[in-house]
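One chain is shown next in structure tokens, namely the form predicted on its own.
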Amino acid sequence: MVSTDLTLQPFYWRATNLFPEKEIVSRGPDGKTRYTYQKFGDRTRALAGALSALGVESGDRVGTVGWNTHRHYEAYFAIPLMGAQLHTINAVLPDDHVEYIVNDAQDEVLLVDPGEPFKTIERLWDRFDDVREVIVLSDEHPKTDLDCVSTVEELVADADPLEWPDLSEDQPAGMCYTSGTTGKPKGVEYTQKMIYSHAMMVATPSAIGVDESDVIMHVVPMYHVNSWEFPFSAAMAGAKQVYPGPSPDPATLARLIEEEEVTLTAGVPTVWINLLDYLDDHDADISSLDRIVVGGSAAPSAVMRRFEDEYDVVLEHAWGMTETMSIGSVSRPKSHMHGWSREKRFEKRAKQGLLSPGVEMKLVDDNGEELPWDGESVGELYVRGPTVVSEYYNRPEANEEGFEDGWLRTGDIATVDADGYLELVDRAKDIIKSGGEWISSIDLENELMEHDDITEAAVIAVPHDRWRERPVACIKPKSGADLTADDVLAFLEESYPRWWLPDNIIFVDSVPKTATGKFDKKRLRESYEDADLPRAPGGSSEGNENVGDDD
């Protein structure tokens, strides 16, 4: 019996041979680039040939510091298909993080977008240990004193196309680093088989469901867990792809949806909240759009309802991590729930949903005991499966803490209901331990963002002498809103007990965000850990009969 290893080669073959006429559209500073999968295939082989001529060999790591463009996408296939390892690097990280990640990964060649990404690499050049070549993803050569810089267009024009070598499914093919919000970023490696398996998983109707008829717009940054692996699933399916370029604003996204007839996209909630705000004041036709997959944090139910009621667009919650190759669960009602009331189905859709095919989970308490799926028991989420990593790169101390008997300890605090729907309560580092009881920052944030006059809300824990920790809410009001702390607390008191209410409401111009668009609670904690905690009306822990001493 002949067996074929699970690699990216069949995805490349399928896209370029069965759907050669399908389009890849990319927005750049000079407008759109539009070409077919056939042309993509030719350029990908040429890029691989150029990298080979520069000395890149099987097993070498090639870093990319780039935006969501067609040139970056060519590297997604050229690098792993030649047997090297694609290492996507966050383009907006602080300098010390970029330095650490490039040196830890031992990248030898970097593919870099012009502008700020190139300036970052140029600025850090003398601090890199192994980098010897820089390829700018442009047709214009930047002004620089570095003598090791080429443009991708001049290299591709002169290269001999590479014939793909035979690959093992265990060959390292990808590498991403965690965000490093609680310490140094951790390297996570993906094999050919893992990328193959995850792309297949995402494409199934039991996960996201990606079809040849889809037009997929990649809003999730390509440096963030490979844009949630959508670019690989899109190629496998033969779907049209749209790359919105660097830092697309709501107007750009709306225009691309209308002009390219986008059907499926994904991103963190703030992207789609901003798009709704834009649509309130501007005419744009987004009628082609069927679904938006939301991850990173939960979308407020008011946002979900508005997209559905006003634009006939379904927002689907998803959960995942760098360690799970992004998408690990998706929330949509099971078939027998279709006859339920809308409100009852919304309760399910508001959760992080059902695990993707191939992934298993369990809940574990502080004593290591497995908890029941009753929708009430709260514990740490453990997962395992073919798309879940089993170790971190070069971090033995993190391996001891992060893995247990073949399970990944996610650090997410969660419940699972009797139907198997996962619901995140909080991150272990973000949950608020007040007087021996847990307060979910996620629940409070979601409730706050239901308020008509609140645009953004993040809730953090601050130290407290008596109760150990208490919640503080950082809120960005809508422009022109006349909102007071008393208004906010009165709104929360309609849904939560007094001891859950924040002890302080801090109004901010904008909630700081991480490089992937999530609320940056680490920065907020650093800014407000010494904040005074006046007992705002309704927000005091004093006299709370349900809060015990934290022994």
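Just count from 1 along the sequence shown to find any residue number. Everything numeric here is computed off the predicted structure, so don't read it as measured data.
The discussion below concerns the form predicted together with another copy of the chain, not included here.
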The chain here is shown without another copy of the chain. Which stretch in 148-156, 100-108, 302-310, 412-420 comes within 4.5 angstroms of it in the model of the complex, by heavy atom distance?
412-420
Non-hydrogen atom contact Tyr73 with another copy of the chain in the model of the complex at 4.5 angstroms
no
Consider Leu354 of the chain shown here, and say whether it contacts another copy of the chain in the model of the complex, taking contact as heavy atoms within 4.5 Å.
yes
Using 4.5 Å between non-hydrogen atoms, is Glu133 touching another copy of the chain in the model of the complex?
no
Spell out, yes or no, whether the shortest heavy atom distance between Ser197 and another copy of the chain in the model of the complex is within 4.5 Å.
yes
With another copy of the chain left out of view, choose which of Pro246, Pro386, Pro142, Pro250 has a non-hydrogen atom within 4.5 angstroms of it in the model of the complex.
Pro386
In this chain shown alone, the residue from Val210, Leu444, Met222, Val294 with a heavy atom within 4.5 Å of another copy of the chain in the model of the complex is Val210
Judged by heavy atom distances of 4.5 Å or less, which residues of 324-361 approach another copy of the chain in the model of the complex?
Lys334, Ser335, Leu354, Leu355, Ser356, Pro357, Gly358, Val359, Glu360, Met361
